[in-house]
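Below you will find one chain, with nothing else, as structure tokens; this is the form predicted on its own, and questions on how it binds or moves follow later.
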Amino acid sequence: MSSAGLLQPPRGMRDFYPDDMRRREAIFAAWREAAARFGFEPYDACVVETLDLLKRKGGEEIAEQLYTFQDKSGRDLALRAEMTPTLARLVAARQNELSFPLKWYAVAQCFRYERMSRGRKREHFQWNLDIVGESSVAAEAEVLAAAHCALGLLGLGDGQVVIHVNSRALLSELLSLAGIPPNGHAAVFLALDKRGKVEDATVKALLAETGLDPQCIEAALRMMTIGSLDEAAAFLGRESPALRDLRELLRLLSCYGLGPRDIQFDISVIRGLGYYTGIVFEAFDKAREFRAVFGGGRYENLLKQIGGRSLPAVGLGFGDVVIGELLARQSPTAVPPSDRDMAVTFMDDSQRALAMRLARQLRQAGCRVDLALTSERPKAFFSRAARSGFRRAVIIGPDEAQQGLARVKNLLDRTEETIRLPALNDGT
């Protein structure tokens, strides 16, 4: 590898310089604030999992995208590609001790070795919201309303991101009506989930590989043209539990203020992961320029698959890559304001102790203060403080030390205020 190559992160990975960190932390802050407003509790877990846990959904595309390795004891391990299996492990391990329904959230770094495209990296941070132990669609409404709240906190409310909802249970009913037996539904879901990502001819070929005859393939593709819940009911010839759940979800979300511009039925939302069993959802920017902003759904069997008792659950994953691109598109050069309150410096070493005492006093009062490590001239100091994003700056020189007063400059509006300096013998 060339020396220039050594200066770059591995392909698909990212570095975060301070400006990048401010953007990232603004996203994280919105996630955490929305989770707190909706009563979700934080959790975390190890980034390395056993390969067996992550392959319990065996045969799926994600199993081929895992970063796998063996430790020095020969154990097969992997970097987590998503958080849901880890959550299921945590819940199953203490299922007899936990109080249900539980509402948990995490901000987790995940890794997938996959082909990169716009909005897709090989690592990303993901906000996960899960409700475990609630069978009603109130759980779906809660996680979707929380995600919508986070979008609003990031300035992406008012229909700028639209949530698309569907139901795997409804899709199963439609497939059964088309003559496709239940044991073939998972494979058909996986093939249909690729619609829009690959050519229709490829989708048909994938459906044929599942064993479907041409008539069933055409029926499966025809059901994907359904445009509303009423059309789905007409296609089925009746109402069904899956349709009633979707109608109830839309009703509940309306109580949160989410209407047609925020959420809509979309038969094409399938979600490729096999553990989904009921309502599924994905959110996209209104113009559909990007990949999904977030996605998720109901999963009923995952806890049982890894050794726990079966419990109803709903989960949502909200990544930082697409939302970061959406925010950058809104304001390409905008960087969230720095939270650095005050820069403090001194003109020569005889004022160092006074500057240190002032910095200590300000920090004890709750200010975020950067204290210079060496003396500085005023012009260079104020230029550095402004470039570094400080709101205020103060320099202590001989006159300030003698008078016991200093002028604090507001670098945003160019105003000044005078503060009293701590005495060197006051014990502070």
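Residue numbers here begin at 1 and follow the sequence given. Owing to the predicted nature of the structure, the values given are computational and were not obtained by experimental measurement.
The form predicted together with a small molecule exists for this protein as well; it is not shown, and the discussion that follows is about that form.
The listed set 210, 126, 351, 160 contains one residue whose heavy atoms approach the small molecule in the predicted bound form to within 4.5 Å, identified as 126. Checking 321, 203, 229, 269 for any heavy atom within 4.5 Å of the small molecule in the predicted bound form turns up a single hit: 321.
Mapping the unseen interface onto this chain, residue 248 falls outside it, with no heavy atom inside 4.5 Å of the small molecule in the predicted bound form. Within 4.5 Å of some heavy atom of the small molecule in the predicted bound form lies at least one heavy atom of residue 114.
In the predicted bound form, the small molecule sits beyond 4.5 Å of every heavy atom of residue 277. Within this chain, residue 121 lines the site of the small molecule in the predicted bound form, having a heavy atom no more than 4.5 Å away. Per the 4.5 Å heavy atom criterion, the small molecule in the predicted bound form is contacted by stretch 290 to 298, the sole one of 290 to 298, 254 to 262, 217 to 225, 69 to 77.
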